[in-house]
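Given as structure tokens, the chain that follows is alone and in the form predicted alone.
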């Protein structure tokens, strides 16, 4: 039985199908982090295109955590009116939307960020600017910032919150021995390196209540020597339900030779679902729904993963930049695979441009 367009649930959140728009940094906010009309229009396009759930591009929970210019903010109550309008537009179009909350840590950049912070002062080719080690007071502040951001998300009407713990941002920096060299209770063995995630999760759950849908995007391993291992990542997965999560989206942490989070040139079915082994292993240690991202292009591959019980939802990014109407076209049979070339030409070239497909369209054979 084909499952892609069957309904399902993540916690209390009911979704009409198994297609998730994975968080994508849209770069469509103004200089103060308020969403623009361009972002609203994009979400309406995605909703009308048939995706079951939109997960927003990451929003910074504190001014020190901005990952790039034109990033949407959720660090101040002044953001709530604009975010509420964004949510209302999605709901009026018949869709559902979750917000991804994040702090960039050592990867923070943009106007007003003169220094970056991280679990430890670290050097390496994965660090553009040497970060300053966070104080205990700053750790407590950022934990509370995640919680307050989640409360603003709920107040704004978002259907769920996703904590970003992947792609070597701050939560992932605490998890990884590459970036966490601390010798206090926040560093050392994996249990201590998980402490920041545990505290963030508990603080967020306390703010939003027991029934509000809470997701996590987890970098299950690093692609570099001496980084977070897959075995360690699985140990994290195994306790996420205990931490209060309702669903897990799987991805990578620090990219490197052993692992790339966004792979170019996905042209064959055999190249799709490149995090599938993560999902297979995660299914052995958790009962939580798995959202799987990573190069999905073909309906046949998506259906196979769902039918085999290897994941519960399919997360898409670049195919929906290429064509927000892709889910509808899959459902109708107009397309059987995406026309996305996986060339990674999506990102904004100038401030305010926002994401957009800049590749020539390749007609599906």
Ligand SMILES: Cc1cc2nc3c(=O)[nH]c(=O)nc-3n(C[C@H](O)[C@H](O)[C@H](O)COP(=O)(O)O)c2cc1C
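Positions refer to the first chain, counted from 1. These numbers were taken from a predicted model, which means no experiment stands behind them.
Missing here is the form predicted together with this ligand; even so, the following discussion is about that form.
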property: Partner proximity in the model of the complex: residue 212 to this ligand, non-hydrogen atom cutoff 4.5 Å; result: no
property: Close approach of residue 274 to this ligand in the model of the complex, 4.5 Å, heavy atom; result: yes
property: is_contact(residue 17, this ligand) in the model of the complex, heavy atom dist at most 4.5 Å; result: no
property: Touches this ligand in the model of the complex: residue 318 (any heavy atom, 4.5 Å); result: yes
property: Contact check for 100, 167 and 295 against this ligand in the model of the complex, heavy atom at 4.5 Å; result: yes
property: Partner-contacting position among 84, 192, 261, 229 - heavy atom within 4.5 Å of this ligand in the model of the complex; result: 261
property: Answer range among 53-61, 39-47, 325-333, 301-309 for contact with this ligand, defined in the model of the complex as heavy atoms within 4.5 Å; result: 53-61
property: Residues of stretch 198-221 in contact with this ligand in the model of the complex (4.5 Å, non-hydrogen atom); result: 217
